[in-house]
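Quick heads-up: it's one chain on its own, the form predicted on its own, in structure tokens.
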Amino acid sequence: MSSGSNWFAIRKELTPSQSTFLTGLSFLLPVLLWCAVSYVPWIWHPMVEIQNKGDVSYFREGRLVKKDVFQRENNKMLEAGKTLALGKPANPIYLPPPHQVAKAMYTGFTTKPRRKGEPWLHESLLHSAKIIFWGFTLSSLIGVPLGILAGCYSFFKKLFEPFIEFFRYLPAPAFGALAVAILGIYDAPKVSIIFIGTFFQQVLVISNTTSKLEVSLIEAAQTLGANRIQMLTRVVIPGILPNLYKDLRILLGWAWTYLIVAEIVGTSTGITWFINQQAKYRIYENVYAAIFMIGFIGLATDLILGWIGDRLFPWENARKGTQEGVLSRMFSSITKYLRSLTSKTASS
């Protein structure tokens, strides 16, 4: 088989190097597209950035105007024999180039808030993390036991799942007004939105995971005389623990998707407040930077949880070359490279 066909072999794992290459490419392609749209003038650039206003009274240097407006005003100046305005192709203000966003990811932490008393970026991120933590923790404390019971016993399955199946289709943000009326305007209603957004899904997902436990394990335990408590504590829970851990990692990602909506309920706080404020100030590079930070924090959290899971359940780590493993290797390579640079600098 040729090397080219190895990339597209049906149900065949790619080599670690191939997986690493494709994982890097999946991040690189969107960035390249963003760079092309930002830096290549003829790809989009529907605006014109004024460099010299000429005799156009309302033009200002650095201002963005539409191309047809720029051309119309210059035609007027040409007919009147006046000085033409000069400008260069530009994108709208809501699409900053990558280098500005990259810079904002640093300056966002070092720039003081515009108004006294407003939280810094790192304070906003910590506040959002606290909302996620409490909402998801409370959801898990109730949802995990109910899901295990529903997956083990038909009695609990028929008792819980019909209503939960109905309720999970109700959008969590719809309960925002009720949450504020009952819990106040501060953090409690935000935590409740995260709770509602993850709890009902959690029960169903964990119930499905529990029901897929190998029947032979249950039959063997019953043959050996295990009672109901022993079945749960020594057979079912240990048997589903690796998959349960994976389910919770996925569900934690769902909690992050509800964050923006949750933080709008009541008083706007956390990273949502920061994003809204920067949008009002029209500093869109900070908006993009904050959005990317949410993704980076979520990805880093998932990688850390994956690393912990590999240590907790080493027998589940038989398959190599997964996306999680590739990302871990990429971060490990970057860390080693930075350490080597640091050591070279120190020695010099």
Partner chain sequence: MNIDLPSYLDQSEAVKKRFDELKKREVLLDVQNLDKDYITRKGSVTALNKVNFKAFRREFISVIGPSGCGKSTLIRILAGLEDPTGGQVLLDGEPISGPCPQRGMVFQNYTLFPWRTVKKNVMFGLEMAGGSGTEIESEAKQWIDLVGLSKFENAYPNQLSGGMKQRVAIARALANKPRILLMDEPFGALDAQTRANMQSHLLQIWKNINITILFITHDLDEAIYLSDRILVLKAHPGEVQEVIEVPVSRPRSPEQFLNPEFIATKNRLEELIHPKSDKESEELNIVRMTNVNDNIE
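Numbering follows the first chain given and starts at 1. Values in this document were obtained by computation on a predicted structure and should not be read as measured data.
Just so you know, the form predicted together with the partner chain exists too; it's not on screen, but the next bit is about it.
Mapping the unseen interface onto this chain, H99 falls outside it, with no heavy atom inside 4.5 Å of the partner chain in the model of the complex. Contact between V235 and the partner chain in the model of the complex is found at the 4.5 Å heavy atom cutoff. At least one heavy atom of P314 is located within 4.5 Å of the partner chain in the model of the complex. At the 4.5 Å threshold, heavy atoms of L138 stay clear of the partner chain in the model of the complex, well away from it. Think of it this way: in the model of the complex, the partner chain has a heavy atom of just one of A226, L95, I260, I185 within 4.5 Å, and the residue is A226.
Checking I264, L84, I142, L217 against the partner chain in the model of the complex, a heavy atom within 4.5 Å turns up for just one residue: L217.
Residues within 4.5 angstroms of the partner chain in the model of the complex, judged by any non-hydrogen atom, belong to 237 to 245 and to none of the other stretches in 197 to 205, 124 to 132, 68 to 76, 237 to 245.
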